[in-house]
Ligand SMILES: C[S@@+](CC[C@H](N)C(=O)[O-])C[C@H]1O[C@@H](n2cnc3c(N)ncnc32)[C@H](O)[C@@H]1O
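Only one chain is shown below, in structure tokens, and it's the form predicted on its own.
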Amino acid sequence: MELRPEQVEANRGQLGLLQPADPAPAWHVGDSRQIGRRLADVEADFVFSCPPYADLERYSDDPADLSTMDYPAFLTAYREVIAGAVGQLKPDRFACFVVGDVREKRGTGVYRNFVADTIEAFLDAGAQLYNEAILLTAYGSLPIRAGKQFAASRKLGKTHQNVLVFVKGDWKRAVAACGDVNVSDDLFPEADEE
């Protein structure tokens, strides 16, 4: 569920780049806060999102866009999205959100605790935190900016996001629902070199 039609079209245009999936992903234009009403007949095997990081980046001028909201309003709407998504998730299944903490915009420079707010929203929606991973992102210009940033504010440069995996129901049944995983040496040939 995506608010912006142009983003849905871009996603559909990239479908050919993915390995064949059965069933193929389906994207729907609409407000994610209404996912339970708009897609009431859908039962998801897996939920995945990399939601807006509050107002860190603004994606549109649509007042329904979570990225246009102040943090308290964003958090209320975000919790609605998570509750709706968990409601669409079949029992004994996984959900994954990729998030990263963001700083206050009001000059304080402190983190908002967005990662913990995400975990709390999932717990309140009936899913438990099951796994966490760190996704390293491209350094880009961070090495150039980090020294000046640290000298001025004692803030470290950030080059990661949190990959949070939640389970709705029994984790053993959720694992079984995923099916077998191929972890053969053919899949990971560099392991032979160690």
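The first residue of the sequence shown is number 1, and the count goes up from there. Being a predicted model, the structure only gives us computed values, none of them experimental.
Beyond what is shown, the protein has a form predicted together with this ligand; the following relates to that form.
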With the partner left out of view, is A26 within 4.5 angstroms of this ligand in the model of the complex by any non-hydrogen atom? no
Within 4.5 Å, heavy atoms only: does L66 come near this ligand in the model of the complex? yes
Determine whether any heavy atom of N11 comes within 4.5 Å of a heavy atom of this ligand in the model of the complex, and answer yes or no. yes
Check whether A133 has any heavy atom within 4.5 Å of a heavy atom of this ligand in the model of the complex, and answer yes or no. no
The stretch from 142-150, 165-173, 36-44, 56-64 that lies within 4.5 Å of this ligand in the model of the complex, judged by heavy atoms, is 56-64
Check all three, R4, G30 and C50, heavy atom within 4.5 Å of this ligand in the model of the complex: yes
